[in-house]
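Subsequent text provides structure tokens for two forms of one protein chain, presented individually as structure 1 and structure 2.
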Structure 1
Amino acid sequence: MDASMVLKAVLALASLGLVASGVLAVASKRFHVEVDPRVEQIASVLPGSNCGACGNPSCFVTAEGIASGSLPVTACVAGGQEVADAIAGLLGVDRCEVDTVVVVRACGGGIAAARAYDYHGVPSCAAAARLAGGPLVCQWGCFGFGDCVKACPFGALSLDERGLPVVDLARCTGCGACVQTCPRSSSGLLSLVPERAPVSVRCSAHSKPKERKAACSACCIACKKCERACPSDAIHVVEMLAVVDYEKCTGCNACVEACPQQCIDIYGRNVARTTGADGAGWRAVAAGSAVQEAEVAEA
């Protein structure tokens, strides 16, 4: 190869490099945007999960909003009090109390719930819901394919033997990613409650009690025994479903013990449990197994 041609090629490439670097240098000066140094500091204390619970597409956008003052220091839902305190320290502002929430499941049916048909499609709650409303007879029940488990950026949910999502309250940040993913959250299957919500009703059905019991043996039957047992007037049957007033509930356990369906459960972060955590629904599974055994025996 001619050495002069090689030299010309090298010089041409070097010239192009010099021109490009010059253009970039001019552009960096002309289009330079000053970045508030506090944005980087705030972003460094945010969880970095980009969960979207605050309504922003990323933690960095949230940091920009907090630094500019368009968002409060408590904007990061997933970060809770610890992150809010760290941001307040960085900005030199007063500490603000964060109303921390956790997710709760209002269903105890799981594999014991009656099916309208056998579903063999994509193992996804969203996909199942699109096929005639899903395979469950109960239109409020959990499908159990774990879309919420996959959506949780903090690994706080898992499916148990009942086919129901169980929340690890030590990991739950209340970001709401699972609530947004669940196709039945609009009817109350997954919702966010105060972190110290002492009890939870594991049913969200609003059909007639006779109909819902035919669909799920773990349902609330609107018997009002919980209502009568509560010494704090904190639980009432509203539209055929037990509803807890967390402003009044003390976690005394009276409603849990009174419920004949065992669909009320001790819940809440830092709540002393007198029964097994997330125990509602186990009897329904046992009942379902008994029915299956009877069917096998008859066959």
Structure 2
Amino acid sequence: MDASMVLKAVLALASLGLVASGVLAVASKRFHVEVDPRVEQIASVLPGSNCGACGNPSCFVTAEGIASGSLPVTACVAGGQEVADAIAGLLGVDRCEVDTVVVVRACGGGIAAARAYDYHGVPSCAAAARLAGGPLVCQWGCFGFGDCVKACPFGALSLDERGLPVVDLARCTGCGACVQTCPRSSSGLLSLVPERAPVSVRCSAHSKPKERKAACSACCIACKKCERACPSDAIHVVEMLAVVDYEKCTGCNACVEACPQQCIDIYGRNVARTTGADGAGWRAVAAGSAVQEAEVAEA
């Protein structure tokens, strides 16, 4: 191909580009629409991940709503106190208290939970849940394929050695994207809880404790030791499952220490590492590694 062809091609594309950009430049002036300048400012403060937790399709729509006054300054669920403060500052209104929510997982099963059959299908919780109710014997347990991990727009979830999702509370914004994705969230496997009352029961099973124990070694056995240990009457065994009353809980740690199954945990940003505070199911991992070590020693 000779040089003149290259020149012509460049000329053709450049002239097309020039005409197009010229027309667009003129159009952007001619068809300029006045937008409330605060909308842009508010939009820049919002997280911008379009998670939809506030009920609007995008952060920009939320920003428009806040600027026009149809939404409160605390509209952004994911942003929490920080964002609400920033927006309140921009709009010149008083600060608003936001009850920060974070997501917790109510299951300690993971690799310790008994399987009804071997699942070799698509590695997705949604797919597993459709195949005869999933491979777990416990019909409340976590499948551990990490649909929630993939769904999290903030990268706050990860799967650990137990095959359970753990929440990095520093990153969790309480947007609820994982809760919407989880096929078991209707029975409370993943749920949003207020962060100020940091106790979580790592079990959501409602079967008889005996059946439950056979299906999973990490379950709540409804022994009521937590109920007796709690000084503020905040934890009760309801329908064979320990349930925390977040209005009363102070996070004193008494139930965590009392639980013989290690299925109650303290979480919260004041706990240094969430994974460390997430005790459920670790016994199964420890038992597994002990078995492996014994096998290695025998060999």
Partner chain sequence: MSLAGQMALLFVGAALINNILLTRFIGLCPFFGVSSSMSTSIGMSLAVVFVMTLASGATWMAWKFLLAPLGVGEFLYIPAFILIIAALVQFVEMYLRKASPVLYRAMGIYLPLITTNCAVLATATESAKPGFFKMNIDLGASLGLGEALVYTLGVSIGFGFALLTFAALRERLEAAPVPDALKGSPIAFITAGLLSFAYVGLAGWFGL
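The first residue in the sequence of structure 1 is number 1, and each one after it adds one. Everything numeric in this text was worked out from a predicted model, so none of it was measured.
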Answer check: the form predicted together with the partner chain matches structure 2
At the hinge separating the two rigid parts between structures 1 and 2 sits, of Pro260, Pro37, Gly22, Gly69, the option Pro37
How far the smaller rigid part rotates between structures 1 and 2, stated in whole degrees, is 33
